[in-house]
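The chain below stands alone, shown as structure tokens; this is the form predicted alone.
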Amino acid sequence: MDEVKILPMEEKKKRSLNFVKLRFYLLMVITIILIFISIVAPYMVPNDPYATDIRGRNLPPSQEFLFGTDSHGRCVFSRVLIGARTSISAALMLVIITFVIGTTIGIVCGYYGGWIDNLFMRIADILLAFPDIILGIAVAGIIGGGLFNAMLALGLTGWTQYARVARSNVLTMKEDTFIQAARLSGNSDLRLLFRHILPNIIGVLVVIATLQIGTMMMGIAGLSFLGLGVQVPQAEWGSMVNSGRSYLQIAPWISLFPGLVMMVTIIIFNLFGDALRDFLDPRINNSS
């Protein structure tokens, strides 16, 4: 009787584990495809995304123009593809930079403590006192528009989350037995940080980075929508949504398709982050 009761529970755990793995690998493939499309977008566009044609303004979706044309006669589908390169690559680059800076600051502050810890954590507290998008708008408004300035404005607070998580993990880990043994073995502080401590906390930081891609993408699009990010005529999803606002009644596709593509892309990156978090869950790995 006991075996009959236990087997269904084990089977349920196995199926749950298989679902987590399948979901992770499926979303990983979709994410890689999105990144690949953003890289090869210039070679996939059916029309010149910057070529204007006054006679072909505000044309509805057709076989020649899958997403129609905008108020300048430009192919919306081609601009959405080119905009993927701008939006996705900018978000990925920004996440990588803030990940490296924030993680480095966090592990150094957590390991050494003292004045350096107090300095950077107080700076982080000040930056976190303001909503990210509000602070980004203020900074971008001061230093001017452009993709680089938008990334700089968002990166000003982007590193704080990594720094805080890395610091808290290092504080709990630096007194562990294996760290003490490595220190007594003659390992330098630099080797302890990047050879022994960092590999043990990198998983949670990578999950945060994956989830932050969508947030950064939305932030860049938001600043571009307000005219503080990517400047026209450069193709970017947020600025494309903004440029079509005046034509919502006669040509809604100008804003609709960039907005839909951006929404779907952000959802995919967020789902991938959730799947990665579940995949790296120690309880899942231990049950296998």
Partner chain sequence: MFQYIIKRLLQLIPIMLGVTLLTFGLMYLAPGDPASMKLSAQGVPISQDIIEQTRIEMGLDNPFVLQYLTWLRNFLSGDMGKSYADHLPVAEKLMRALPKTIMLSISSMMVTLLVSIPIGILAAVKHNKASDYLIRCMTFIGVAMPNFFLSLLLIYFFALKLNWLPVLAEGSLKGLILPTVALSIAMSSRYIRQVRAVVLEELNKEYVVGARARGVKERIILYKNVLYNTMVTIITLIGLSIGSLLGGTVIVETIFIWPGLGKLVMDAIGARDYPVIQGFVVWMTFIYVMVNLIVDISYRLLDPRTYSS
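Residue numbers count along the first chain shown, from 1. Values in this document were obtained by computation on a predicted structure and should not be read as measured data.
A second form of this protein, the form predicted together with its partner chain, is not displayed here; the remarks below concern that form.
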Inset, instruction - Go through 96-104, 127-135, 109-117, 81-89 and give me the stretch that gets within 4.5 Å of its partner chain in the predicted bound form, heavy atoms only. - result: 127-135
Inset, instruction - Please pick, from Ile33, Leu260, Leu26, Ala51, the one residue with any non-hydrogen atom lying within 4.5 angstroms of its partner chain in the predicted bound form. - result: Leu260
Inset, instruction - Using heavy atoms and a 4.5 Å cut-off, decide whether Met151, Ile208 and Pro233 all contact its partner chain in the predicted bound form. - result: no
Legend entry - Non-hydrogen atom contact Arg57 with its partner chain in the predicted bound form at 4.5 angstroms: no
Inset, instruction - Give a yes or no for Pro252: in the predicted bound form, does one of its heavy atoms lie within 4.5 Å of a heavy atom belonging to its partner chain? - result: yes
Legend entry - Distance check, Ile267 to its partner chain in the predicted bound form, heavy atom within 4.5 Å: yes
Inset, instruction - Consider Gly68 of the chain shown here, and say whether it contacts its partner chain in the predicted bound form, taking contact as heavy atoms within 4.5 Å. - result: no
Inset, instruction - Could you run down 224-250 and flag each residue that has a heavy atom within 4.5 Å of its partner chain in the predicted bound form? - result: Phe225, Leu226, Leu228, Gly238, Val241, Arg245, Leu248, Gln249
